[in-house]
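Read the single chain below, which is given as C-alpha cells and is the form predicted on its own.
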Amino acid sequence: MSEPTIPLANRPAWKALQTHATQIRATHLRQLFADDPHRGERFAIQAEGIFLDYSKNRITAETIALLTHLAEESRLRERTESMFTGQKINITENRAVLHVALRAPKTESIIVDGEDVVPEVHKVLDKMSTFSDRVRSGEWKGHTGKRIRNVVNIGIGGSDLGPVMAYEALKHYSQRDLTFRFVSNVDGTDFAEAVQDLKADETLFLVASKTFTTLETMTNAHTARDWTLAALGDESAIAKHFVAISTNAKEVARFGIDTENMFGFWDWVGGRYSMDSAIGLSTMIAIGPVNFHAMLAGFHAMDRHFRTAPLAENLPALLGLLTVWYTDFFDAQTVAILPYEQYLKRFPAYLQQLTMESNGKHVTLTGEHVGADTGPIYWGEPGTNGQHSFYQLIHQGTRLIPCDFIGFFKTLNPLGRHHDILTANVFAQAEALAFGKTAEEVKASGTPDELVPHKVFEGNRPSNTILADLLTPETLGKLIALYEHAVFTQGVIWNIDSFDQWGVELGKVLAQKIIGELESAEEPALDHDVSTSRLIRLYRSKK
C-alpha cells in the first residue's frame, strides 16, 4: 500500500485515473446509458434511508474501481479509524477530531488522552435538555417574571450557520409560540433588525463563543447586553436573559452570566462540525430534546455506515471520491447543491463553510504543496427558484458544474399538486443535464435553422440524485453527516488537514490593527500599502 506522503501524482491509482480520464472524457452519458440498460440500477445505493443515484456521472465501473483503489492507497480506512478512536489527526493544532462523539450513544466509549469523552457529551446533552424544557414550558422566567418568548442566538461561523440551517430545516417541528432570531454579522444592522420588534423582558440571548473573546460575537453580545439593560435597568437582569455556550467561565461570569447557565464543549469539536454540540442549544429549544436526539441518531447512523460499509457501497466515500474525480480530472471548479425542499434553503450556505473551510488548503499534512486542485466552491439555492436564476449557465454554459439534487418522496406540507410538480423538476433537471438535446432533435421540433444552435443542449453534465422519505430530524442528521464524511474523504485523498482553518487568521490580525487606526482620535501613522492607507484616510474623513 502506498503511503499518503507520496505525492499524488506518483501514486499508482492516481496515474491510472489520469489515463482513464483521458480515455473516458469524450464519452457521452447518452452512450454510457445506451451501452448499459441496467446502468440506473448498477450505479445506485440505498443505505440508512438515503437513496443515491449516481448513474448520471461520467463514470464506468472501472472509474469506481480506480477511485476506491485510490482511497485504499490513501489509507482512508486507517484514517477513518484514527478519527473515530480519538487520535489527534488535526496535526497543526495537535487535536483529536471527534464530532462523531457528539452523537455517540451512551453505550459507546471513545478515549481521548486517557479519558472517555462520551459520558461528558451526554452530561452536557442532559443539561441542555433540562434547560430547553424549562424555556419551552415557560418555567424559565425573565427578570420581570414574564416567560421567554424570543430566543436570539449570537455567534458567527459554525456557531451561527449550523443553528440557522437547522432551525430553518426543522421549522416544521419547532414550537411556534417561540420566536427565533440569529445574529452573526458585526454590521450593526444585523442586530438592530433582529431585535426591532422584540421586548427585552421576553427575550433570551444565547451567546456562542468558545473563548468568549470572538470579536464579532462579543461585539454583538455587548450590544445585546446594553439593549437589555436600557430596557430593564438592572444588572441582575443579565443572568435571566443571557446564557453562554463557552468554555471560558471567567469571562462568562465577568459578562454577568451565571456560570450554571454555561454550556461547554471541547477543543476536539471544530466550529463547522459543532451544530450537534451545545452550539445547537437554540435548535434543541426550538424542536425539543426528543427531536434533537432523533437528529443525533441520524448523524450516528451515517457515522456507522461510513465507518463500516465497503467503499464501493459507501455513500459519503462515493460522494467524496466523485468530487475528487471532477475537481482533479475534469477541471471542475464548483459543486452545486440543489435541495428541492424549501426547509433546506440554508443548507447550501451551511455546506459552504463545511466544505470550503475544511478543504481550502494548498499544502499537505507534511507542509509540501499538495500538487492538485483541492476544495471546489460549493454553492446553491433551493429548487425550483434556482431554475429561474442560474440553471441557464449549468445547462448551456462553458463550465462543467457537477450537481447534487436533493429531494424527498413525501412532503411535510401536502398541498394539491405542489410536491409532484416539485419532484418532477428534480428528475427532469437531472435528465436534461445528462442527455441534453441534439441539433437533430431541435430541428425535428420545427425550430428555424438560425435558432437551432441556441436551443441545443450539449448534455453530458454530471449529477447525483439524493432522495429520502421525508425531512425529519433524523434525516437531517444523516444528510449533514453524509457531507461531513464526504469532505473528510476528499481531505484524505489530498492528504491535507481538513480540520484546521489558518486561512481565516491573517485578516483577523490585520483588522484588529486597522480598527485602532479607524477609531484613533489622533491622525495615525500608517504603514500599510498605499491602497489600504488611502482607504483608511478616506474613511476617517467621511465617518
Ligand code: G6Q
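Numbers for residues come from their place in the sequence shown, where the first is 1. Just so it is clear, the model here is predicted, and its values are computed rather than measured.
Below, we turn to the form predicted in complex with this ligand, even though it does not appear here.
Legend entry - Every residue of K210, T214 and R272 near this ligand in the model of the complex, heavy atom within 4.5 Å: Yes, each of K210, T214 and R272 comes within 4.5 Å of this ligand in the model of the complex.
Legend entry - N291, heavy atom within 4.5 angstroms of this ligand in the model of the complex: Residue-level check for N291: no, no contact with this ligand.
Legend entry - Any non-hydrogen atom of G142 within 4.5 angstroms of this ligand in the model of the complex: Contact with this ligand, no.
Inset, instruction - Would you check, heavy atoms only and a 4.5 Å threshold, whether G157 touches this ligand in the model of the complex? - result: Yes, G157 sits close enough to this ligand in the model of the complex that at least one of its heavy atoms falls within 4.5 Å.
Inset, instruction - Could you confirm whether S184 comes within 4.5 Å of this ligand in the model of the complex, counting heavy atoms only? - result: No, S184 is distant from the partner.
Inset, instruction - Could you check which residue among S174, T411, N90, Q353 gets a heavy atom within 4.5 Å of this ligand in the model of the complex? - result: Spelling it out, the residue with a heavy atom inside the cut-off is Q353.
Inset, instruction - Taking 4.5 Å between heavy atoms as the contact cutoff, choose which of T63, Q501, N57, T475 touches this ligand in the model of the complex. - result: Contact with this ligand in the model of the complex is made by Q501 alone.
Inset, instruction - Quick one: find which of 157-165, 73-81, 443-451, 109-117 has residues within 4.5 Å of this ligand in the model of the complex by heavy atom distance. - result: Heavy-atom contact with the partner occurs in 157-165.
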